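Same protein, same chain, two forms; see structure 1 and structure 2 below, as structure tokens.
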Structure 1
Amino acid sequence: MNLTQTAFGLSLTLCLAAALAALALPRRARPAVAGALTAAAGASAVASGAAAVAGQGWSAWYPDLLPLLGVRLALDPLGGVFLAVTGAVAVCAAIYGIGYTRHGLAGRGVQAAMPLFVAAMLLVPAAAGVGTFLVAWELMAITSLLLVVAEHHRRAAAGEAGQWYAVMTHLGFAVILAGLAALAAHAGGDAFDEIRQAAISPVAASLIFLATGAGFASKAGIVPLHVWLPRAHPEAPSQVSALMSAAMVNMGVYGILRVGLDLLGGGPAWWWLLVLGAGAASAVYGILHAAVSADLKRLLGHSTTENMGLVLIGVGAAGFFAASGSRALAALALVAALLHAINHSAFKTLLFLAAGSVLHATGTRDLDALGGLRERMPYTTALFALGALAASALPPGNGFVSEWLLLQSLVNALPEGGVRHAVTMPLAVGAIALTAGVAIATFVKAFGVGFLAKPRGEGAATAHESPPTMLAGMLLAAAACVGLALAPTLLLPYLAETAGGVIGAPAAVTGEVTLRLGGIASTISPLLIACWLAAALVLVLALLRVFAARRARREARLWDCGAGPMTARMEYTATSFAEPLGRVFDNVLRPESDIDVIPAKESAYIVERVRYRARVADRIERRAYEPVLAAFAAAGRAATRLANGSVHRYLAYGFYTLTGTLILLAVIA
């Protein structure tokens, strides 16, 4: 029994113990005990995943646990990466949840569903058979759905989000089930080892890849299957939002990698061009909606679509390069994708937990009603700023390194390829560059409007700092962001070995302080960049202090155009900050605005009040989903005419159905 097996078994046992404790313990002790056990399970999963990445593989078959197929488990380096990331996110979310759930979320059901959700996510990358994978996937969907609707009795929006999530996640499960069942049927067995050895025709492999890819893309929140994500993530409790946005969506990426590159052996180039195109569209579409969103958690949800799009650009490029014979570039693109998935998990955990602290302290997540939190919530403000820097992909944030690696793999592909490279790579680079620029504006808005200046609402004016357990969860996520930003060289050799094993190529990244890319002349040292930036900042501050000391200090009132002291109403709001961006991308976003001008009673020419409302609807949802929903609603209304309460009619239905079935069986036989 090695460390991988021991730690993995311990993590599942602790999750089960946490669920039982949540059901058995009194309300006062429930969050602390269940949270501590879930955090311990996450830490154990990190150890198991790290051991698997380091080469301690493990596999097992328990034939009696699941009827007919049994339970097949195995951990290789690829599964270990996703297992360790999920465990790390679970540690932060569970500790944070001890303080957060004491405010109305300490019920038995919610507290028990949380560790079961974590256990399901740990089982997905460890599954080594189709049956085990599908059971774990469905358990993950059901437990996350229970957590999304945990507050439906308080907010109707949570119930609506749950309906969208339930429909989308089970449609995704249906196509994954169909694809994996076909794969097992062609292979003649359920085990992944048998599937790898099977000879599957190109047409069948393509159909299986398209079916499973659509289901996994739905879980990852990829356009146009993303519509559940900006609803479910904001409405779930904040620690659940962190788990869904930083860990669960990764399972969609894992599924594409496992089926496409591992079980199906790579496939033709067009598979991966499709993945790359979907990733680029998701990255641009997600960040544009994030830029114009005034809801803090909804903004972060759209940002998840953007970052999963960036990860899929790397995955698609890796598969495309591998199919084209450029194994070294394929390994580099896959390293960039894996590192960006890890980085996204770190900073999105921090941002969602910080957003939860804001919601906990102010009672609102509307950026237009926030502001002035810097003085009242100094620790949360500093931690959100750190997460915003990472999400902006600016140095020295951790998001910068992975996006730089991704750009290097795309830019250096041009000299090697033909027409497809010449068309695809510039478009992909352009999508990443556009995404990075809009992401900076988005997170400047989120931080500047939400935390600086004066409070624009009563909740912001009376805000208070979060309790220690919530701060501890955020601090752990912040430490992960800092570690990944300053010392990615500690992690990258293992990711390079993992990617090289999947692609069949040597390690694409080496170096202890300076990163060196295999076969490419580019190098980078994140630690030295951070040191240079810190030195430059210290120098600027020192110079300002020296010059300021030479001049006498004067205090003067800010120039206000004669209108009196500045008030909160004169500040930029999230809506006004994003208005220019909305105009620039008007053809994509199509913002809707409504202006009500209310005249005074005495004269129609004197304006008493002007009311302005702006809304950016999801055009994909409006064009693709609303007509389908309207058709189903119409069919439902028409179906009510069939059920008029007459017993005679119902007996007739039964008679005609039975007769028709017998006739059909007779014809078939």
Structure 2
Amino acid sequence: MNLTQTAFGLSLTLCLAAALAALALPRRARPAVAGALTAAAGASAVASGAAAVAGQGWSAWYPDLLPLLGVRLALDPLGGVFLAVTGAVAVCAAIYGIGYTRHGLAGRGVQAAMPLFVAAMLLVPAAAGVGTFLVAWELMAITSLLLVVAEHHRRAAAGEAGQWYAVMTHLGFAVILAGLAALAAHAGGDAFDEIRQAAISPVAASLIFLATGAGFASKAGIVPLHVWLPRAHPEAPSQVSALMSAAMVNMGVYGILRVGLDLLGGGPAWWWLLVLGAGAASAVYGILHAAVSADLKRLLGHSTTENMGLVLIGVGAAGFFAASGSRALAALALVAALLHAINHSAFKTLLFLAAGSVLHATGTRDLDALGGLRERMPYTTALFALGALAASALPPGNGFVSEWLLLQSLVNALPEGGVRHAVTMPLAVGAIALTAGVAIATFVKAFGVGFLAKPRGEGAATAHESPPTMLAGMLLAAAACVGLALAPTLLLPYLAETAGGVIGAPAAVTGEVTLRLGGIASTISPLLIACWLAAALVLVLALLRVFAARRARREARLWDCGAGPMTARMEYTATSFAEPLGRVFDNVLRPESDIDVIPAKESAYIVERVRYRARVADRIERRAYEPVLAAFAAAGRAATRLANGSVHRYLAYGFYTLTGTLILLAVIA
């Protein structure tokens, strides 16, 4: 009985207890008890994951728990990283959920599905057999689907989002099932240990990688399989959005790492170039859509696609370097990818919880109708600002550190590799750089338009600060962001050890205050940058004290061109803020706009009203998904003619099918 096992068992038990408590307790006590138990489960999972990363491995086989295969569990450092991250997100989301679900979401179903969802996500990285993995994966899909449609009676969009999510996640499950089943069949065993030792032919391995990769990429929200994500994440209750966007998408990355690098042992370079390409495309496409979307939670959903794209750039680069023999660089790229996944989880939890807090207070997610929350919701505003700083990858935020590591691994690949490196790496750096720039614009918009200036809507004008439990959940996530930003060096040695173990290379990152990379002369010190910024701020203040006039600040009117007081209608909205970017990237986004001019009755030249509508549709969805959906709908309509109610017809169908099958069998045999 080591710490890993004890804590893991405890966290699963607590999840079950939370679900049972949600079913048994009366409505008033339900959110508090279920939330507290889920938070405890999350904390216990963090302990278990940390112990696994620190080297306390654990594995177990329970042959009687599932028919035929039994349940196989194991925790190695790689699984431990993802387990700990999931647990940490669950702690924040569960504490936040106590206040958030008190009104309207305290039903038995929602309250019980949430801890089960957490339990499923804890089981995925701990699964050590194909059967166990698939059961956990499907449990994760079903519980999250229940939570996505939790508010469908209030908003029709939630039901539609649920349909998209259900179809996409189950198509993904089907290909993962096919891939892993083929893997188990080729290896002759269900357990991951047996699969690792098996010799699998390159063609079969490639097919398995492509099938599972597609399924995992869909879970991670990677272009072109991302269409469910910007629908499902905004429509789910906010603490569920945080769990899905900060923890569940990581499982897609985990799957690619586990199958590609661990079970299949690396593979050829083209696999990983494919992963890198998909990651780069997602990063750019996701952030461009985030930049032009005016729905706060949808913006965050698109930003998840972006960040998972960045993580996959790191994963792809790691696999590619490993395949071309530069193991040290591969380990560095993998550390960058893991750290970015962790950073993303931290700031995305914070941002989604803060967005939920805004939704809770104002009843709207539309940035164009928000604004002016700075005075009414001071804590939420400050916490969102912190999250936005991290998400736009500026120092001293935590996103900056991982993007820096990622860039270093790509930049320094050039002298080592051949022509393939020389072509790929600049393009990858270009994609990351474009993403970084647009991300800054996106989060300036989200924070500046959503929280500052004057309120532009009824909801924003009457907003109020959130209850203490919600603030506590956000504060925990914010503390994680600050810790990761100032002291990533506490965590990095363990991550470097983990990545080195997966790749088979020595640890790539060292240093206590200053980050030093193995074999690369570049250094950086996030803590000292923050200290120097603070020192410079104090210096500037002191200089102002000495040299500026010491008079009290006087209030004055805003400059209004002499036209009378400015109204909130004159402010820049999210739509107008993003217009230049939308125009620059016109070829990718293809924004649509309609203008209806309604003339007055008396004359066609006197305009009575002008209505302007702008929309940025997802072009991938329009080109790739809508034709397929239309074809299915047409086939369905055509098929109704097959069933016209005539019993003779149905008997004939049966007769011909049976005869056909018998003939087929005769031919085959």
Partner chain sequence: MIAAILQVVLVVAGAPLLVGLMRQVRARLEGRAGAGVLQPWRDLRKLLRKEPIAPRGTGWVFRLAPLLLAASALVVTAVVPLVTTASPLDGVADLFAVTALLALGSVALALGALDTGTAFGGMGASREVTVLALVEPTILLAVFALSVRVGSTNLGAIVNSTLDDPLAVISPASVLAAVALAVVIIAETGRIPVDNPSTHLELTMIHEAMVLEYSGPDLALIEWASAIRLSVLLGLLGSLFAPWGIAGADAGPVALLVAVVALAVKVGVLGALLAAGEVFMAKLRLFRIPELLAGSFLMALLAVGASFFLA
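For the two forms, the rigid core is made up of the largest set of C-alpha atoms that agree within 1.5 Å on superposition. Quick note, the numbers are simply positions in structure 1, starting from 1. Fair warning: this is a prediction, and the values are worked out from it, not measured in the lab.
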Panel number for the form predicted in complex with the partner chain: 2
C-alpha of residue 652 off by 2 Å or more between structure 1 and structure 2 on rigid core: yes
Per-residue C-alpha change between structure 1 and structure 2, residue 601, threshold 2 Å, rigid core fit: yes
Cα displacement of residue 199 between structure 1 and structure 2 reaching 2 Å, rigid core superposed: no
C-alpha positional change at residue 540 between structure 1 and structure 2 - rigid core reference, Å: 2.5
